[in-house]
Structures are given as structure tokens and as C-alpha cells.
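First, one chain by itself: the form predicted alone, in C-alpha cells.
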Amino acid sequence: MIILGLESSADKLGVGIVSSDGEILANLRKTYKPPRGSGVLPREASEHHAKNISGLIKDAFELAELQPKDVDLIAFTRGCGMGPCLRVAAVAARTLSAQLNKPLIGVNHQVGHIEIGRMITNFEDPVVLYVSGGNTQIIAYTEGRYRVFGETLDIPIGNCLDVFGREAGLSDKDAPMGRVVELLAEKTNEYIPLPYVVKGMDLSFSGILTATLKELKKGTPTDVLANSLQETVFAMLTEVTERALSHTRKSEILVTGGVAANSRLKEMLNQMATEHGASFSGLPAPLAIDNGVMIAWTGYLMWATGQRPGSEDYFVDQHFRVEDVEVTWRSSSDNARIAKAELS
């Protein structure tokens, strides 16, 4: 079975093709780069995606050495995300579904990140730290659904790092801003105290960002601020993940999302996991950041365990929560990994 996945929830447009046995046949992506000094504007990002999606789909089929008629299922990101961006993949998926007479299924973005992580790492039941430009959540599976045990109360971690980088005048022309900040932080071990805000299982990053930008205006070196910001926010994330690990009594920790590529964050999480006798893993950057493969694979899991969309499921939902998804494929010892889907 061949599955095509389309992802366009934010600044990244992704097209992925996978087989039902987990072979990744294509994983292509184009990223919208906003003008220097500004953030991602949904309208402009959606225009970028609309201009590039046809060509990216064509390139993915060429890379996979397949024809569109070879696809058995089309999956798209239904939410959450930026409405105008989400609609690009949704419209493309509906169009292909009608043209090729192939079934269609909408996928939750966060669940996609979790399931590609489980497939790649072979983790069975991890506590998941999901960190990206649009989300910061600590998620774990219980009672048939993924549950959010903690999350940001204001801005996500990726947005915090992006704003700092832009205000510091850093260029993200050749790499994501989080990576640019990481490389800058590696230049020093100097640290200055910044606000540390953990409220139970939740986190807040707006205060630490404000304090960091005030220090920037005072003339504090940008490398010192980058290191101090990273160390503080990653310690906050590690603390809350550790609390979730202890509460759920699970034995695996998975970090995913765009910020999951940060080596210092993975180092801190790995040390914490080791202290608790737990296994830890991240993902290679092409699969940690938003991608079409995670949507294709999760769409397959849903379809193979009997999920069929209603009419409302063909349209995007900006506020689609991870808890809203019935995780049918994790019953009976993950039988979806060997399930043979009947297309009907």
C-alpha cells in the first residue's frame, strides 16, 4: 500500500510518500522565509505553499519512482495550524482524491509527530516532548488517546527562540533560527540569570523572552544571551518532562518537533532519562521538523484500523487538539503495523 502525505500547517510545506511497511520513499519540503525582521504571516506563507505544492508533489513522485495512480491513500494535515496554510494541503489533497478516485483522510499534526517518532525509534509507549515554532506540549498515551500533561501557557518555545534571533539581528537565511541561536550559544559558557517560569506541569516563555530582550537593549553580548536563554528554557522543558515521566511511570522519552534538533536540549533530556533508567531518543532533523512523511504514515495507521472520515473531516480545523483523536491503532499491541487495509 502506498500513501501520499501533504503537510502545510505553518511555514513548511511537506510532501511525503511511504509504504505500509514503513519504507520512506520520498520526503521533500520547502520552507517559507519571511522578510527580515518579521515573523511568519499566514497569508504570505499560504501563497508560498500554493505556488510550490504542485511542483513538490511532482518531484516527490519522481524521487519515489512512482506515478500518481500508484497511490492507494492520500493523507493531509487537518490541524492544528494556521488556517490559510492548512487549506493549501487540504485543497490539494481533495483535488487529487477526486482526480485519482483515491480515499482521503485528515490527520492531526501532533499525532503525526508522535507516530513518525514511534516508527523510527521503535519506542512503544514514550512520554513525548513536542517542541516547535507553534507548539510546546508534553504528551503521553493513556486510555485510548494521547493526553496533554503540560503545555505552554503563552508562546511556544520555537517562537521564543525565533523572536530573540530576529531582535538580535541574526540571519536565518541558511538554517532555521533555532539552529542559528544554538550555534551562537555554543560560543560561550557565560550565563546570566533569567526568569524561570514553571507552573505545575505548564510553562511560560513570554516573561523570559521579555527579560532577554531587555538585556539585549542593555548591550549584553548576544552569545551570552543565547546561551542563557537556551539553558533556562531547556531546563524548564526537562523539569516538566521529568515530572510527566515520574507520574506516568513510563520508561521512554521521545522529543520531536523543529526544536527537537537542538543538541543541547537532547543532551539535557538524555541525562535526565539516564538518571531515571529510561530510554531517550530524538529524531533526525528531516523527520523531527514538519514533514509529509509523518502525515502519510499516521494516515495509514488510522485507515488500517478502520477509521473512515465523515464529511466534516475533509475540512481543516485550526484548533484540532491531540486529545480529539481516537488512537485506534494502539490497541491489540499495535496491530496496525501489520494490518492489511481494505480500501472501501
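Sequential numbering from 1, following the sequence displayed. None of the values given here were measured: they were computed from a predicted structure.
Keep in mind the form predicted together with a small molecule is missing from the figure; the text below concerns it.
- Among heavy atoms of E115, none comes within 4.5 Å of the small molecule in the model of the complex.
- When the small molecule is considered in the model of the complex, K12 lines it closely, a heavy atom lying within 4.5 Å.
- The small molecule is not shown here, but in the model of the complex it comes within 4.5 Å of a heavy atom of R179.
- Contact check for S132: a non-hydrogen atom falls within 4.5 Å of the small molecule in the model of the complex.
- Remark: of stretches 191-199, 250-258, 78-86, 237-245, the one touching the small molecule in the model of the complex is 250-258 (heavy atom within 4.5 Å).
- The partner is absent here; in the model of the complex, the one residue of N262, T232, T152, T222 having a heavy atom within 4.5 Å of the small molecule is N262.
- Site annotation in the model of the complex: the residue of V107, L203, L161, V128 reaching within 4.5 Å of the small molecule with a heavy atom is L161.
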